[in-house]
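Single chain ahead, by itself, as structure tokens, in the form predicted alone.
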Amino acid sequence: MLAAMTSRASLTARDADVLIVGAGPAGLTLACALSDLGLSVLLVEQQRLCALEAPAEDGRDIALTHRARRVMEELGLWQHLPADQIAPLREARVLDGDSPTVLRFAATRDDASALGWLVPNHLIRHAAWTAAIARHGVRWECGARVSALDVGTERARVTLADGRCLSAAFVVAADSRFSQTRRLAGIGASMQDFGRSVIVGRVAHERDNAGIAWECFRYGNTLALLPLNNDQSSAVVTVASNQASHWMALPDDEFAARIEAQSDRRLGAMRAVGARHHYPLVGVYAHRFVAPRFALIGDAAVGMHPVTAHGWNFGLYGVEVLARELKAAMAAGRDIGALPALRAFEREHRRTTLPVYLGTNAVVSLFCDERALPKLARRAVLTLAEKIPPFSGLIKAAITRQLVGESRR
């Protein structure tokens, strides 16, 4: 905690090697990784310190892949998660409308007992914070907003709203999919506003969920049920944005009754547990991930639609790759802010994320289109993927690799 309390006094004493704008989970995790390389890191965050120390519950439960878990374990985040809040995701099943076809995905590796794990988002944020404050090389400035960015030949400099200037070897933007720092760097982004919103709320049910996640593409809305511990699931309802206020205003018993009906009572009687939350859906993909002495990480680089559960996983993958390339640059005696190392990170992260980003958007567009022809097309896709070899095996193997965080090289 001492590092946090002394950050303001030390800002004028020395610059940092790396300045990260945004102390969300991606920014905090990157700070841990870079500190472990021996780099000094300064985090600039608009929120107050208390919001980082005790993140508010936000209703989101994050699906973590095997690769994501490994990154979190190596950086000391996983160890700070309460064990009883980690729920195994053993299988995923997809339904379309009233079709009897069920597309199933399960772990296929001999050593994998689960596709992944589900953890509440606010606990991930707290684990990242706890890991970061344990690093002496990490400092932060809270309640601060970046108003200008200036990249020189040897250093990058940011100006805060209060007029102070901070410099570093390079700057990383980790300030959300609507990143102002990305804009200040002159980097645009492709954005897809789906015109839809998600309503998330927990439900308790009388039957064991068996670690199965359900993705139900109903007509009128989409329902995902994410398996949690203690006979609970996270209900994620995707609706047209003009219907979101109606779903938020539902009494708890009516909300639970709708989830129960749309899940065909597979988990028995349900009741609402806790508050509901509402989030608009906008996909974002930056035109570039790097510039001289500048890089994007987390949602600032790739902001995913949640249907394939890759958002935070991609953030962790980016942290892993960027830290690896900077480590290689340091070992070779190269400038960590120069483009060669940053471009190597960009190439790999784009190769990992772009196909999934485009594929996810295509799936969402197809399975949320309720015209007659798209309905026929999506049923054909489910039948092909579930029942017709060799397509079923190839498709399911490829998607399962993405779900668990594996890749072919």
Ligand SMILES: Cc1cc2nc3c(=O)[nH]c(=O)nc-3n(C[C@H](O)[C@H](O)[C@H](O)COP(=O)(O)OP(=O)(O)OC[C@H]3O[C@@H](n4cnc5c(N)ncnc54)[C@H](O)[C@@H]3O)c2cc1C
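Counting begins at 1, following the sequence as shown. Predicted model only: the values in this text are computed from it and were never measured.
Keep in mind the form predicted together with this ligand is missing from the figure; the text below concerns it.
Fill in: One residue of Ala33, Ala63, Leu342, Leu39 in contact with this ligand, assessed in the predicted bound form (non-hydrogen atom, 4.5 angstroms)
Of the listed residues, the single hit is Ala63.
Worksheet entry | Heavy atom within 4.5 Å of this ligand in the predicted bound form - residue from Gly137, Gly337, Pro120, Pro306 | The residue from Gly137, Gly337, Pro120, Pro306 that makes the contact is Pro306.
Practice prompt. Have a look at 310 to 318, 148 to 156, 328 to 336, 187 to 195 and name the one stretch with heavy atoms inside 4.5 Å of this ligand in the predicted bound form.
Written response: Heavy-atom contact with the partner occurs in 310 to 318.
Worksheet entry | Contact label in the predicted bound form: Gly116 to this ligand, heavy atom within 4.5 Å | Contact with this ligand, no.
Practice prompt. Please check if Glu346 has a heavy atom lying within 4.5 Å of any heavy atom of this ligand in the predicted bound form.
Written response: Answer no; every heavy atom of Glu346 is more than 4.5 Å from this ligand in the predicted bound form.
Item to complete: Indicate whether this ligand has at least one heavy atom within 4.5 Å of a heavy atom of Asp299 in the predicted bound form.
Response: Yes.
Item to complete: Please run the contact check for Tyr279 against this ligand in the predicted bound form: heavy atoms, 4.5 angstroms, yes or no?
Response: Contact check for Tyr279: yes, within 4.5 Å of this ligand in the predicted bound form.
Worksheet entry | Contact at Gly27, Gln180 and Val200 by this ligand in the predicted bound form, all three, heavy atom at most 4.5 Å | Yes: Gly27, Gln180 and Val200 each sit within 4.5 Å of this ligand in the predicted bound form.
Practice prompt. Select from 332 to 353 the residues with a non-hydrogen atom within 4.5 Å of this ligand in the predicted bound form and write them out in sequence order.
Written response: Contacts from 332 to 353: none.
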